[in-house]
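Consider the single chain below, provided in structure tokens and representing the form predicted on its own.
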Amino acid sequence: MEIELDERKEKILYAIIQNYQETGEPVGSRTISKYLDVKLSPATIRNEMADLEEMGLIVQPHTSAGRIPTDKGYRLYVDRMLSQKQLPSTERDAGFLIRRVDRVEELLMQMAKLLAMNTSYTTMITGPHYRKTKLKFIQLSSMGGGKLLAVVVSEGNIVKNNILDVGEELSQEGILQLNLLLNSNLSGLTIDEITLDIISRMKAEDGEHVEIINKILDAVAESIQGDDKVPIYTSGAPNIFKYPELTGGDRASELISALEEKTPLGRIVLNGEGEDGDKKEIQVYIGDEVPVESMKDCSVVTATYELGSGVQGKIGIIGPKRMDYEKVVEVLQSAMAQMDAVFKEVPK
């Protein structure tokens, strides 16, 4: 059930959130009055704060202290902020520019670093998920010693290099013929569209290299279908130490371990996808909503990037629950716009 707040209560809640974001200290009635655009007495503010506390939106952390937002209070604020947020018209709003690069991995690592610098939080970016990804082309070349280098390029210019031990030396003419055979039959297809009929036709056209074709097809399947181990790039882990609420006890070491181990971060990726892997809008996880035990004192804001039909990945900003949600959402939206612009310029 949605909580209904009158305008005055909403302004006071937002003032508490804004001040606590800036200071990390409980907020009192005198401080709140400085953030309001209407004149209210300290007594009126205290009464409204008591109502907000009864509604579970703020809490008094200890006696004689001001109030801080609860997860419920943040959730109400974030939901209303997201419902009003518009996408920026251009990518320049981010305040930083990503450099054009040839490899997707380089761009993702660069973006993780820039987002961490721009937000002062920790960032994570996953490598692309391969969902119904189409093969662009295959390039075979000899490595000598009966080995071939198979370079498989899929949508979004995702490049995978595979070294195949074929047990024989192939002539340059033979390799050229294999390249032509593979690309003429497989280019533009997803792994599901590479049927037995297509494979049989290819083997019939080049019966001399049936085993080699089998090995190449295995490499193609592995490259464009992917596996469960999605690479995750992180940056800005030391930013955790800027926020005292994340460093008490063993909290900081547990957070750093989660970022280094990477596997727990995969739960955030899976948690943000629908059953069919469809692209989702920006999502915000607050406190207990974060599907990683060591991050229950954090908030995580995620967005999905897309390199091509079926090629998706996740960007996440990890920070304290008092993070500047509005800035993070703006930065993520602008980052997505920039990435889209970069990938549109990549030669197909």
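The first residue of the sequence shown is number 1, and the count goes up from there. Between two forms, the rigid core is defined as the largest C-alpha subset superposing within 1.5 Å. Treat the numbers as computed from the prediction; the structure is a model and nothing was measured.
What comes next is about the form predicted together with the DNA, which is not displayed.
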Query raised in the report: Might G66 be said to contact the DNA in the predicted complex, defining contact as any heavy atom within 4.5 Å?
Result: yes
Query raised in the report: Would S29 count as a contact of the DNA in the predicted complex, using a 4.5 angstroms cut-off between non-hydrogen atoms?
Result: yes
Query raised in the report: Does K296 reach the DNA in the predicted complex if we count a contact as any heavy atom within 4.5 Å?
Result: no
Report task. Find out whether any non-hydrogen atom of M49 is located within 4.5 angstroms of the DNA in the predicted complex, and reply yes or no. Result -> yes
Query - Partner-contacting position among V284, V292, L40, M55 - heavy atom within 4.5 Å of the DNA in the predicted complex - result: L40
Query raised in the report: So, R8, T44 and H62: all three within 4.5 Å of the DNA in the predicted complex by heavy atoms, or not?
Result: yes
Report summary line: Only one of 318-326, 284-292, 298-306, 32-40 has residues with a heavy atom within 4.5 Å of the DNA in the predicted complex, and that stretch is 32-40
Query raised in the report: Cα of S33 displaced 2 Å or more between the shown form and the other one, core superposed?
Result: yes
